[in-house]
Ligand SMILES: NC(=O)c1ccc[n+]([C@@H]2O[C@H](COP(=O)([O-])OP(=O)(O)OC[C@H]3O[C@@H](n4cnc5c(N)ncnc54)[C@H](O)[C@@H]3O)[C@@H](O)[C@H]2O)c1
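This document opens with one chain alone, in C-alpha cells, the form predicted on its own.
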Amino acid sequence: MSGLEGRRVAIVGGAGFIGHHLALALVERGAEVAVVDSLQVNNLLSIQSNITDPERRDLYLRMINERLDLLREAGVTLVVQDARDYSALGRILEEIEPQTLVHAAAVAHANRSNKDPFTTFDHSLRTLENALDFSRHSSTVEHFVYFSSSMAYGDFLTPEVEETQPLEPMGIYGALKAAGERIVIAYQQVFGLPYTIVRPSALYGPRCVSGRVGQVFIENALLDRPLVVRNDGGGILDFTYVDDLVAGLLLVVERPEARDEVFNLTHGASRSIEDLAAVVGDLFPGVEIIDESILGDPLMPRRGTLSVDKARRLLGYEPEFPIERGIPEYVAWYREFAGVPA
C-alpha cells in the first residue's frame, strides 16, 4: 500500500507544467489532491494576451486546456484563485486542510524575470510568503515543499554540483529562488515548519508551454525549420524529463527522510545543447542544425551536472530518462497532439 494513500496535498500553482504532472501522479498513488492556481502566469490568461502568432497560441491553449481536463478527470479539486491574495488563499487552504503543501507558483523563466522583476517578485515571493504564513498557523500542514532551481547556484564551481555548493545566483530569477530557499529555511528555524527544497534543471516534457530549448527544437522540426544552437551559459545542461522529476517528488512527499533537506532532482548527467539538437535531428531526418555562436548572456550561469547522489541515498531516487529516451517520448506525444504524422 502506498505511503501516499489518503494523504491530503495542496499544490499552489498546480495547474502549471510541473504542478499538473505532480498532481496526476499523486492521485494515481492514492493521494487526495487540490490545486490552487490563478491561471495567469504562463497559463490561459497570459497565453491569450501575450502570444501573437495565432497558430502557436491555439496550440498552447489546447495544451493548457488538456492539463485542466486531465486534472478534472482525475478528480483533482481545482480552485482558480490568485495566491497573492493572502486572505483568499488562507480561506481556501483552510477548507482543503492539506497535510503537505507544495509551492509551485512562480514566473518560471529567467529572461522574463530579468525584464519584469516586479511581476516576478509578486508571483514568486509574495505567493511563497502567503503559503508559508498559512502553513505556520495551520493545524494540518506537516510538510512544506518548495520548488527552487539549479539557477540558484549561479556558476557551477565543479563539473558535478552537490547541494552544499554556496548559492551565488545571477539575475532576478536565480536571486528570488535563492531568497525563497532562505525564507523557507527560516520558517523552519523560527516556527518548526518541516520543509523540503527541490532544485530541478532544464525540464522538458508533454504540455510544456514555457519555450524551453527542447520544446523550441521539436516545434521547429515539426515545421521543417532549422534547429538553431545557441550556447548561453556554456551550452551544457542537466536535461531532465518531467517523469524523472515527478518520480523524485513523489518520494519527497512520501519519505520522512526528505524532511528539512535540499535535493537536486535532475537526470544527474549533463549534456550539450548540440547533443540535444542531434537527438531531435535523428527523429526528423533532413532537419537542418545551425550552430550559431553568440556572445554568452552574462546573466546566464555556466552549468553542468547536478549530483543526485543525496536523493539516491536518502530517498531511493533513480532517474530513468536520458535524452535518448526522453526526447523520443516527448516527440511522439507532440506529433500525436499536434496531429503531425511520423
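Note that the structure is predicted; figures quoted are calculated from it, not measured. Position 1 is the first residue in the sequence shown; the rest follow in order.
Same protein, other form: the form predicted in complex with the named molecule, not shown, and the subject of what follows.
So which of G174, G248, P200, G180 gets a non-hydrogen atom within 4.5 Å of the named molecule in the model of the complex? None of the other options qualify; the answer is P200.
Identify which of V27, L39, A34, L276 has a heavy atom within 4.5 Å of the named molecule in the model of the complex; exactly one of them does. So the residue touching the named molecule in the model of the complex, by this definition, is L39.
With the distance limit set at 4.5 angstroms and only heavy atoms considered, check whether Q215, G326 and Y334 all reach the named molecule in the model of the complex. No residue of the spot touches the named molecule in the model of the complex.
For the interface check, one of 256-264, 136-144, 98-106, 153-161 should have non-hydrogen atoms within 4.5 Å of the named molecule in the model of the complex; which one? Selected range: 98-106.
Against the named molecule in the model of the complex, would Y330 count as a contact residue? Criterion: heavy atoms within 4.5 Å. Y330 lies outside the contact set for the named molecule.
Residue contact check: Q81 to the named molecule in the model of the complex, 4.5 Å heavy atom: Within the cut-off, so yes.
Quick one: does I18 come within 4.5 Å of the named molecule in the model of the complex, counting heavy atoms only? Heavy-atom contact with the named molecule at 4.5 Å: present for I18.
Using a 4.5 angstroms cut-off on non-hydrogen atoms, would S270 count as touching the named molecule in the model of the complex? Although the named molecule is absent here, S270 would stay clear of it in the model of the complex, with no heavy atoms inside 4.5 Å.
Output the sequence-ordered list of residues from 302-339 with at least one heavy atom within 4.5 Å of the named molecule in the model of the complex. Contacts from 302-339: none.
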